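Next up: a single chain in structure tokens, the form predicted on its own.
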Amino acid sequence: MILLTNISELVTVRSPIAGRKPGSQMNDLGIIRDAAMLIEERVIWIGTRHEAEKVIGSTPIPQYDCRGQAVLPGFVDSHTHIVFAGDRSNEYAERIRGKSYQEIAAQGGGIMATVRATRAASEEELYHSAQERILSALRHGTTTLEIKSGYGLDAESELKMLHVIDRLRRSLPVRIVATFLGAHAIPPEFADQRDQYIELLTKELIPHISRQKLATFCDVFADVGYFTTTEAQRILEAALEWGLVPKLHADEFVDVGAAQLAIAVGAASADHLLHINPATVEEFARWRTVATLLPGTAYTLRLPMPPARTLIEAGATVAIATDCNPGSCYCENMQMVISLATQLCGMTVEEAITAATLHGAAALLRETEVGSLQVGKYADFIVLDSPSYLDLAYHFGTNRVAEVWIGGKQVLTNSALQSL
């Protein structure tokens, strides 16, 4: 048991019983000033430093001085493709010169370039490269992280990726959640046999993954050039039968009705939504599907930003995530995503923080465990090098995280240079 004291701002992001804060509630961060927090693995008590003196009394409890800095929940990055092999920096250069994502994919690049590299890589190689990216995410304040498969697109390689994700989950302090994304694209060997590939997913891989408990979620990329909404529905209904929770890459390039499908199948989240049908926006306020926005991808691909303001004002549960991947958004830093969300998506800093913590947790069905600092939830939090949470967006392009704690234990410090 530890009492953290001398906290300038304790940003609790407190939530109601539902574990969500839609609409204007996203701006209420539940800030306690000159705060203290009593923790073990989970949060035991929260209040002011003055109140802590009365609560603790003469009980000999170790204390930790937060040096007048701000404390807030660790970031929950609910959409990443962080396990992969290969490098696609050449594609980035081509896009800067004017080629589109679709043109590069048609020339053999895009997802398939990473599929070739990932199939050729060993499990050990995938593990060590992903470990470095995850540790970078941790240094920047991410304490819960979703990781998708989807760069194997055959039984052997998809399972290899999921085994790597499981190994990362067991060996690193970050809370890792696995998603099966065998429906990332149609592999070239099935180009003329789409139905047979979907049969492989629904009849073989999904049942095996469910029995082996290798994933919590099943995702589908539903968009032009990838999977139709009819195909996506077929795959996600099979996932539901086997106990995997649906997710969707929805309407990133074109409105194909994927957002509506996400709501219809009870998906945990619909992600991207750059071209969501305006008529569907209101539906997100009526159902529990989280609208997960990925501004880093729109930024990198030079696409229109997702309609954050419209979704928030409609009462949707809005999350933000990195979409860390080798092709369209090679960024594992949630602080950067907060900056993009405020500068380019029209979100307030408070809305962006709620979206990066509590609502990220909701997109992973973890909102009762992580995403806010409340009694009974895991003591997963970050200590900034600043007395104000506003520095996360204001002092952009830098790492404002000084310490990362997970389950009540300090797992990382970003030490500054003591002298030159």
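All of these numbers come straight from a predicted model, not from anything done at the bench. Residue indices: 1-based, along the sequence shown.
Keep in mind the form predicted together with a further copy of the same chain is missing from the figure; the text below concerns it.
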Exactly one listed stretch (84-92, 261-269, 142-150, 119-127) reaches within 4.5 angstroms of a further copy of the same chain in the model of the complex by non-hydrogen atoms, and it is 84-92
How about residue 136: is it within 4.5 Å of a further copy of the same chain in the model of the complex, going by heavy atoms? yes
* To do: Answer with yes or no whether residue 228 is in contact with a further copy of the same chain in the model of the complex, where contact means some heavy atom within 4.5 Å.
  => no
Touches a further copy of the same chain in the model of the complex: residue 350 (any heavy atom, 4.5 Å): yes
Practice task
Mark residue 223 yes when one of its heavy atoms lies within 4.5 Å of a heavy atom of a further copy of the same chain in the model of the complex, and no otherwise.
Solution key: no
a further copy of the same chain in the model of the complex has a heavy atom of only one listed residue within 4.5 Å, and of 159, 344, 186, 200 that residue is 344
Only hit among 235, 209, 340, 181 for heavy atom within 4.5 Å of a further copy of the same chain in the model of the complex is 340
Within 4.5 Å of a further copy of the same chain in the model of the complex - does that hold for a heavy atom of every one of 35, 37 and 60?
no
